[in-house]
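Here you get one chain, nothing else, as structure tokens; it is the form predicted on its own.
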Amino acid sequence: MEIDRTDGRSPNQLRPLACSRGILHRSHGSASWSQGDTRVIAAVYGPKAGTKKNENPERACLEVIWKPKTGQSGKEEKEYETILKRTLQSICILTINPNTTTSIIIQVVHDDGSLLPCAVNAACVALVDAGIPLKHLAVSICCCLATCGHVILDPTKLEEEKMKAFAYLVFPNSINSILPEGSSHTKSKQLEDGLVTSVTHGGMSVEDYFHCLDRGRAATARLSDFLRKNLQPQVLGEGSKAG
């Protein structure tokens, strides 16, 4: 029995994607990422000389600042900052530009579900736009577990509130997929089955979790394809959309 979704999508269907690069002139890199009505803007500043307190000066430092649509940052925003920082640290080459700090500012424009995955995707595109050295890219998706046991992808805010549990998943996306042929990066095969970040909320069994993992990994093929097309050299500085 299929679960009915308020917007008519199938359980595996993602909302329309939209992405634009270089939208902010004063930042070193920037990107807007939308999934349905959820939209996030990411801005990158740096690298700037010096590292933050308690950071290793022999490596590059990243800081993430999360700005909600309205009001002050609270506990949830601080949690998002921590998750996003750890995710970005795992994909950036921190041995290049040691003793520097790069700031990633996340501005929430509108939240209609899957907010953190949208922020991860926006931040990755903004890092590329800023020319920050990366081991590989990453794509993120939210998988929800309904009370009936069905898994749905890319939920709206209303769907998130009705779900039994959900998982934010970040998968590696080979840098080979966005660079021209002949580049020196040849590790795409090693990244196919990897997992960069996994954050769960609510209760789900191990079997349910692996079901979410399988469905999420399968769905990221579309995200990866969209990201690859958006980052191709011939569309630098231009927006890209997918229905």
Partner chain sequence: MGLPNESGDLLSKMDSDASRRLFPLRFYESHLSNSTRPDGRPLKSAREAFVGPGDVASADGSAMTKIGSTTMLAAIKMEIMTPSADKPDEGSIAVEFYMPPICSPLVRPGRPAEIAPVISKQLYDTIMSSGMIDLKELSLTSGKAAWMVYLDIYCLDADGALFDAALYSAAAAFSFLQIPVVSLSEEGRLTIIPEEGNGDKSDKDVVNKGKRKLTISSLPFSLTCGLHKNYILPDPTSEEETLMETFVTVVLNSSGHLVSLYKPGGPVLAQTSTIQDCIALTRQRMTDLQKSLDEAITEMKMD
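Keep in mind that what you see is a predicted model, and the values were worked out from it rather than measured. Numbering follows the first chain given and starts at 1.
Just so you know, the form predicted in complex with its partner chain exists too; it's not on screen, but the next bit is about it.
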Verify the contact flag for Glu79: yes if a non-hydrogen atom of it lies within 4.5 Å of a non-hydrogen atom of its partner chain in the model of the complex, no if not. yes
Going by a heavy atom distance of 4.5 Å, is Ala43 a contact of its partner chain in the model of the complex? no
Could you confirm whether Pro172 comes within 4.5 Å of its partner chain in the model of the complex, counting heavy atoms only? yes
Report yes if any heavy atom of Leu195 sits within 4.5 Å of a heavy atom of its partner chain in the model of the complex; otherwise report no. yes
Among the candidates Thr100, Ser103, Ser90, Ser73, the residue which, in the model of the complex, approaches its partner chain to within 4.5 Å (heavy atoms): Ser90
Among Arg86, His110, His150, Lys157, just one has a heavy atom within 4.5 Å of its partner chain in the model of the complex, namely Arg86
Triplet Arg26, Ala31 and Ala218 all within 4.5 Å of its partner chain in the model of the complex via a heavy atom: no
For a quick check, can you give me the residues of 200 to 218 that have a heavy atom within 4.5 Å of its partner chain in the model of the complex? Thr200, His201, Gly202, Gly203, Met204, Ser205, Val206, Tyr209, Phe210, Leu213, Arg217
